[in-house]
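Encoded as structure tokens, the following chain is the form predicted alone, with no partner shown.
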């Protein structure tokens, strides 16, 4: 029986996750853990690239790990581990930093988008070089695939370039990983203007209770041309309809027809959508409450995952040092 190919996925620990995280990443991770040898990285060093205040990073990590667990990630199949607890990440990052030019990093379109979106005036060295740290994260575990959205594909390409350059310079150690694109990779935020983001305040959290979901959906933007109930609508420009696509597929044709004819008003459409989202979230919230009352289990999952990850990372760095003739 052939060995499963290995993949690495990761997120910055920003606390409780939202539906955008689920649709854009977690749903795919759960599927892939049965097809690949999966490793899941808690990218706590990456937080420093845009925010030096990390007072809440441990609690944010716990909250994020709970959400990973409640949506179905299995730490036995796919270990969870904190980047900061595996020292080999920083060692490989240093080595890879010697293989990439400043000009190459400045051409990274994802960096340009972040600088614009976060209104960053002065880019720090760590932020400019964070794709190199991501490359170290991936290649340290010999990742052959990286589940990403389209906006992260440029980072995977930088990783491939680094792997090629290292292999050419020192001998073959790393395979070139390929991006594994998420099919439904983005969920528009409640404001209708951007993807869901806690910094923009336009999210529905995986931990939101029904009354919270209902209140948030009431304020969600819809087709600006559909002002009154009987006005014909345009589902293709309505963010609520995009939520129906994901969480209410069985009634999609009926919703679309009612919107276009004007028979279905926006208030009723939002109520239908809220009901389906709450139905989806109900078991997730129940599982979260169980884990919040049993945090020792969550902490043990981290310790076990870090032990497994450290074993792989140590072996990779032995190969790297041998190839470079560093002892």
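Residue numbers count along the first chain shown, from 1. All figures in this text were calculated on a predicted structure; none of them were measured in a lab.
Quick note: we don't show the form predicted in complex with tryptophan, though the next part is all about it.
Only one of 78, 182, 134, 203 comes within 4.5 Å of tryptophan in the predicted complex through a heavy atom, and that residue is 134. Residues of just one listed stretch (53 to 61, 276 to 284, 291 to 299, 39 to 47) have heavy atoms within 4.5 Å of tryptophan in the predicted complex: 39 to 47. For the marked spot (92, 313 and 323), a heavy atom within 4.5 Å of tryptophan in the predicted complex is absent from each of the three residues. In the predicted complex, tryptophan lies within 4.5 Å of some heavy atom of residue 11. For residue 148, a non-hydrogen atom is located within 4.5 Å of tryptophan in the predicted complex, even though that partner is not displayed. The shortest heavy atom separation between residue 130 and tryptophan in the predicted complex is within 4.5 Å. Residue contact check for residue 152: one or more of its heavy atoms lie within 4.5 Å of tryptophan in the predicted complex. Shown here without tryptophan, the chain has no residue in 256 to 271 lying with a heavy atom within 4.5 Å of that partner in the predicted complex.
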